[in-house]
Ligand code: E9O
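Given next, in structure tokens, is a single chain: the form predicted on its own.
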Amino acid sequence: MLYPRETRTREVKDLSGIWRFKVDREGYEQRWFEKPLEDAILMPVPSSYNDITQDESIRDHIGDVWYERSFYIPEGWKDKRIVLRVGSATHHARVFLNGKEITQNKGGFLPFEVEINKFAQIGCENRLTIVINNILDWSCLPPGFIREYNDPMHPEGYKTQEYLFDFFNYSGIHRPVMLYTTSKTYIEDIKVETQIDDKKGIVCFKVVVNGEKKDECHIEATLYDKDGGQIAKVEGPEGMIEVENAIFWEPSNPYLYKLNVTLVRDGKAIDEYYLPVGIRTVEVKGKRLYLNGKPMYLKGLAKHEDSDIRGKGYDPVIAVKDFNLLKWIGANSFRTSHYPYAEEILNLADEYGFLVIDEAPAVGMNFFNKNEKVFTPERVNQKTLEHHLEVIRRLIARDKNHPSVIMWSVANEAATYEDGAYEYFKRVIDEVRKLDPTRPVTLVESSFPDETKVASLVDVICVNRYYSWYSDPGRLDLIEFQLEKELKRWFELYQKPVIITEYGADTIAGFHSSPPMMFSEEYQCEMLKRYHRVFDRLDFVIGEHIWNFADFATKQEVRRVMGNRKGIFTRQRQPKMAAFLLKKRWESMKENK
């Protein structure tokens, strides 16, 4: 799937802004989609709807909500192919245009689109309705289940949405909604892979064309340098361009070339699309991760799409601020924990030069209780697997061309110790390797090395571990003994490099204690120091990602004080003491450790 871009043949219309919004009580029965919403309130898009109002029933609503707005299609689009693209709608969506249903979607973290020509009114006002449902069941990613209460202490029919992941189940239209045009014969997809031969860069491309009279067209592909200088021009739906003395994409110099693809018929350009291209290679070999043939050590944090008021709604202000903080602290990487982020974030990562572990939304597949199984016919089953495979296909289709994406993660903290885990994840990882053999694959573990069933399937061992927090709380003196013993065991059993993808402590900004006590800023710093001493002793450790970049919202429970407080920054993006500790460490480290 190509990100909407304006070119000399394509136009883009952003439908973000203020929409009309209504919580559903009987919308389908009363056929709300047939006429404008009545008694609607105003709602910004993109955003989560949960924190926008003062109404806790909206914040905690389970079920459908309705979004609606009107827009015009200009007369100049009448001979164009017109596409509606929704960046994400969490978690299920049904879309109506002028009262007619035009598409449905399952999955809250990837875009979907539909051609609207036969439903749209050119030169007139059009009414767009998107119905979103936030209910999670075991067939979803992430999974969840509805708990219905039948006891004297709850009203009749009382129910709650339960889920096993540790972030708030925000819902809404979280990313931009756009219209874009192409010609009736159009460039449907472009796939780019890059190679390096000494100082030479090699750009291999494949173009897919669709639409009427596509066999009468030919393709021209032109590669430009950053200053707009033409490097080479070739014809045909696939080919290879060699770049002498190429500038390779890397964190210290995220150089982007531009591949311009033109669809030509009768000597006229009928469609055109451009793609930023970073020439780089990724390889795991022995104990190391190599970028462009050079060993690379990952310094960074796991993140969330989360901020005050907006929830998971994409905001370019927050996005750029976050990248500036990552640069300031000396990081070179992050993981899209625990779902694919907005493609706008990956576009920025390409430009800023950050290495990204791109993660599927398979989180919450673990009761953390070995007496409660997840991989069963009633829970994570064949239906879940089919959806997981579809999500993987869509994720790779969207993100395959981003030089920033260096690794795929298929899940986070699944119950990989269960007997059903191996066959399930073998199917998923095999699909990833089939679709993209150029990047390593991982699965982020919370299991221990002697109990996991799936570590043999991945290229890099990724481990989340919280010594002195969830185990032996307060015992900082045990961290180095326990952590080093475990990490050595991972390498002994699997002979693969290791990234510690989560470690950290809940920290309330402004809480201080000497000697360090849990929840104080001193405790967070001391925990990190002890982890780092272990990492520095082990040559098979190739990365450290702290949990978390910033404090974030969770569901309400006794162990969470206004959310998860493990951030190095507050939710308002102000640094805690640990941010300065990390800045000093990371700025003094070489990229290859």
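None of the values given here were measured: they were computed from a predicted structure. Residue numbers run from 1 along the displayed sequence.
Beyond the structure shown, there is the form predicted together with the named molecule, which is absent from this document and is the topic of what follows.
**Student:** Looking at the partner-bound form in the model of the complex, is H545 within 4.5 Å of the named molecule by any heavy atom?
**Tutor:** No, H545 sits far enough from the named molecule in the model of the complex that none of its heavy atoms falls within 4.5 Å.
**Student:** Can you tell me if D166 lies within 4.5 angstroms of the named molecule in the model of the complex, counting non-hydrogen atoms only?
**Tutor:** Close contact exists here: in the model of the complex, D166 approaches the named molecule to within 4.5 Å, heavy atoms only.
**Student:** Tell me, yes or no, whether F552 is in contact with the named molecule in the model of the complex, where a contact means a heavy atom of each within 4.5 Å.
**Tutor:** Flag for F552 set to yes.
**Student:** Using 4.5 Å between non-hydrogen atoms, is Y466 touching the named molecule in the model of the complex?
**Tutor:** Y466: contacts the named molecule in the model of the complex.
**Student:** Which one of these stretches, 55-63, 561-569, 531-539, 31-39, sits within 4.5 Å of the named molecule in the model of the complex when only heavy atoms are counted?
**Tutor:** Stretch with heavy atoms near the partner: 561-569.
**Student:** Heavy atom within 4.5 Å of the named molecule in the model of the complex: which of D306, D322, D271, E413 fits that? Just give me the one.
**Tutor:** Residue within 4.5 Å of the partner: E413.
**Student:** Which residue, N347, S456, S513, S471, has a heavy atom that falls within 4.5 Å of the named molecule in the model of the complex?
**Tutor:** Here the answer is residue option S471.
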